[in-house]
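What follows is one chain in structure tokens, specifically the form predicted alone.
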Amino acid sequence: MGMARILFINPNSSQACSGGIDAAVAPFRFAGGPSIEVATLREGPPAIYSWHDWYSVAGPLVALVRAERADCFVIACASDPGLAAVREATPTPVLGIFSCAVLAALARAERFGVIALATASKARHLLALRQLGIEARLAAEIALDVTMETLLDPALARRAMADAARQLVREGAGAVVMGCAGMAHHRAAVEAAAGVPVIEPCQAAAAAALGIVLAASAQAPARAAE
């Protein structure tokens, strides 16, 4: 199991964002367990703000995955860019953090809300929800409309995120999904403010990826014995 590898890929070029992803998944590393690593897509934009950004990373993501070895790949952007293209390019399991976060929220509540980085993100999130067939369970989505730099600051965006989470609860959300990988360091404070579970997407994906890798390891001795 120590040789197994889970690779998170940050599809934007922000090293600070990659550092936040690494910190978010750190609690999922354990002695003898799979290696959990974070790679930054150098060709990526500073953040995934637009549809152009979203489409532009598909090719570089495919190239990176084809050049890497892993037991599970995770696209670490909360609009799951390039997910279908990367899945087509490799037989290895590929997860998107937004899909994982939404499914984790639905394991905790009937309806959920999303805090988005920008208004433009809402359409991409809705596309993902439609593909999952669960758009009717979205209570509401609120966009912060801030830059990635503001979001990564330890304090600047926290009050706005807490206010957004409380508003989502008022609109019927029983759980809140953080709609950007750069929000991880705000999770505990936002959950305390909202009073409902707040799902950090990289952590949700780390849990799902560990499940996939551990299940594959458990099945290996059975296959060897056949």
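All values reported here derive from a predicted model rather than from experimental measurement. Position 1 is the first residue in the sequence shown; the rest follow in order.
One more form of this protein exists, namely the form predicted together with another copy of the chain; it is left out here, but the text below deals with it.
- Proximity of residue 59 to another copy of the chain in the predicted complex: non-hydrogen atoms within 4.5 Å are present.
- Proximity of residue 135 to another copy of the chain in the predicted complex falls within the 4.5 Å heavy atom cutoff.
- Shown alone here, residue 189 lies within 4.5 Å of another copy of the chain in the predicted complex, counting heavy atoms only.
- Taking non-hydrogen atoms only, residue 95 approaches another copy of the chain to within 4.5 angstroms in the predicted complex.
- Here the marked residues 10, 119 and 152 all miss another copy of the chain in the predicted complex; none has a heavy atom within 4.5 angstroms.
- Using a 4.5 Å cut-off on any heavy atom, the residues of 47-85 that reach another copy of the chain in the predicted complex are, in sequence order, 50, 51, 52, 54, 55, 58, 59, 62, 82, 83, 84, 85.
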